[in-house]
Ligand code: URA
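First comes one chain, alone, set out as structure tokens in the form predicted alone.
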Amino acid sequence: MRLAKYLAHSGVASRRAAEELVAAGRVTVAGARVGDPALDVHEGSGVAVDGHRVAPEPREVHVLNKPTGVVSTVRDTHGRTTVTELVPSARRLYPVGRLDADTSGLILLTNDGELADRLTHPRYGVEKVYRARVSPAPVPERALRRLRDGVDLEDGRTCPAAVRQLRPGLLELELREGRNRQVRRMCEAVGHRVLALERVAFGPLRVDGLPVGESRRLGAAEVERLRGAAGWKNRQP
């Protein structure tokens, strides 16, 4: 198995992040520092990260209804609560993508690096649904059309999105890309400030029924639906 994939299966990080760990010189094999993420390794190779041996572990996927104020990282240097602290598991979980600290709602955590990469890679276009309370309200139809057609941001034009106004000032947006603070920037581009933002769906999963701050581990059928949304068919979790 290639080193980056081995690290991803060990719950260290996603495959892309594992490649960065190798490039940073933090990975050793049999005590020797390595720089090739494609190096073939196995459980007996003595793979270590920062001096700690790692090995593949059973894969888990959890869904969390993230409260505002919680950061989407494994650890935080400012002492803020992280999403991993809210998910009880003996595995080394990390978030699939990110939600801003001031955004609430559905976030996935896993130790399955391949699945995490697929779910966040723009190539696969896994849809994410957000609800945004904006001001001023209501949002006029011309602004809704701009959001649907794509708006120009500093990092380029956004892809077309499904957008509807559930009630005056409450928008539901379905996106297939995941730029930094994208929903907030899109709304600001059409003259509306986001007052509150929640992600209510990620692929086939919805946050409905899961209390804020609570999490649950996904069952095999749910993981398989996620894999299908990310372009995998008939893969075992």
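Residue positions are given as counts along the sequence shown, with the first one as 1. What you are looking at is a predicted structure, and each value in this text was computed from that prediction instead of being measured.
Below: the form predicted in complex with the named molecule, not depicted.
- Although the named molecule is omitted here, in the predicted bound form all of Asp100, Thr103 and Arg181 have a heavy atom within 4.5 Å of it.
- Of the candidate stretches 182 to 190, 56 to 64, 203 to 211, 31 to 39, only 182 to 190 has residues with heavy atoms within 4.5 Å of the named molecule in the predicted bound form.
- By the criterion of a heavy atom within 4.5 Å, Leu197 is counted among the residues contacting the named molecule in the predicted bound form.
- Taking a 4.5 Å heavy atom cutoff to the named molecule in the predicted bound form, none of the residues in 1 to 23 make contact.
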